[in-house]
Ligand code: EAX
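Listed next as structure tokens is one chain, alone, in the form predicted on its own.
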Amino acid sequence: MVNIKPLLGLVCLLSLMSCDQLKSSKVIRLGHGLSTGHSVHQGMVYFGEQLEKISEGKFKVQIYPSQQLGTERQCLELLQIGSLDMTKVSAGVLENFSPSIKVFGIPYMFKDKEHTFRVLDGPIGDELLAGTEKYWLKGLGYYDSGSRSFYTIDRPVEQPNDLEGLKIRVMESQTAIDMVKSFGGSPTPISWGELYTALQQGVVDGAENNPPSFYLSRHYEVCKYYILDEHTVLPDVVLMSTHLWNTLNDQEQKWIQEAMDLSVIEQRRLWSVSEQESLEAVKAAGVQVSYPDKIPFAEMSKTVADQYAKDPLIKSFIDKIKNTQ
């Protein structure tokens, strides 16, 4: 007869070890405002997978998408008091917390995609991320968010003057407000979650965003004109609360940064695919997509750059970005 006592003992030991391992896992709560179909969310899922793998299960990431925990601004505020661990926000919202980030909101700051990544992935990007720490926000990396362009309900925007008098939804971002004003439009801050209804009810005449956001939000169902003037490049910034970051040891911080760096590469790959698919999808849905001459838009919005260049801090970053080859 087989003595099963040793087997039972082994099963109990393994069960206890499993429970101890589960208890020892640190759960990082990550909230953001985008849908689960967005490449940013998918990048965060990848981050969680990589972190769990690199840390051998010592860390797990629990993601709350679609503004479940609040707007981008509210998520940042939760990070500042330590009630939330991580979030992703647009640089346009982050500028309200870390003033140097305003440089991203200046129209036509970047020459092209390659120039953008050289800035974000180099010393300038690192310096801008480091500048958030004094506000209890630890910058971990930049996700691709493409370029932002205007879309309108019932008439195309072919040149800057066509925006005159139009109510255009913007984020809670002073640079976005100033940018729309420079074109003669009427900037109207509305939360992302309320924008579809605002467009549908005619509260605003249009908005501005990148192709995946325009498509995944289904705003194309209301807005039939999309003009790719690509006025601003506002990266998505992934941040952790310093309340959590400062409790981690060097090895744990290294694991998190390594997983984030891997997710940035994956998210940017996913973004590139999503951007093209989104443009094709909105065209198929009957949206008139146009490619205007950007020079008149750049010329008219120069007043925004001139205004912000009066701030020595912003001026220093403007010069650094322009001098990046």
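Computed from a prediction, not measured in an experiment: that's the story for all the values here. All residue numbers are counted from 1 along the displayed sequence.
There is also a form predicted together with this ligand; it is not shown, and the following applies to it.
Contact annotation: this ligand lies within 4.5 Å of heavy atoms from the stretch 169-177 in the predicted complex, the single such stretch among 126-134, 198-206, 221-229, 169-177.
Shown without its partner, this chain lists 34, 264, 270, 61 as candidates; in the predicted complex, only 34 has a non-hydrogen atom within 4.5 angstroms of this ligand. Judged against this ligand in the predicted complex with a 4.5 angstroms heavy atom cut-off, the residues 88, 192 and 236 are in contact without exception.
Contact annotation: residue 144 falls outside 4.5 Å of this ligand in the predicted complex, judged by heavy atom distances. Along 44-83, a non-hydrogen atom within 4.5 Å of this ligand in the predicted complex is carried only by 72.
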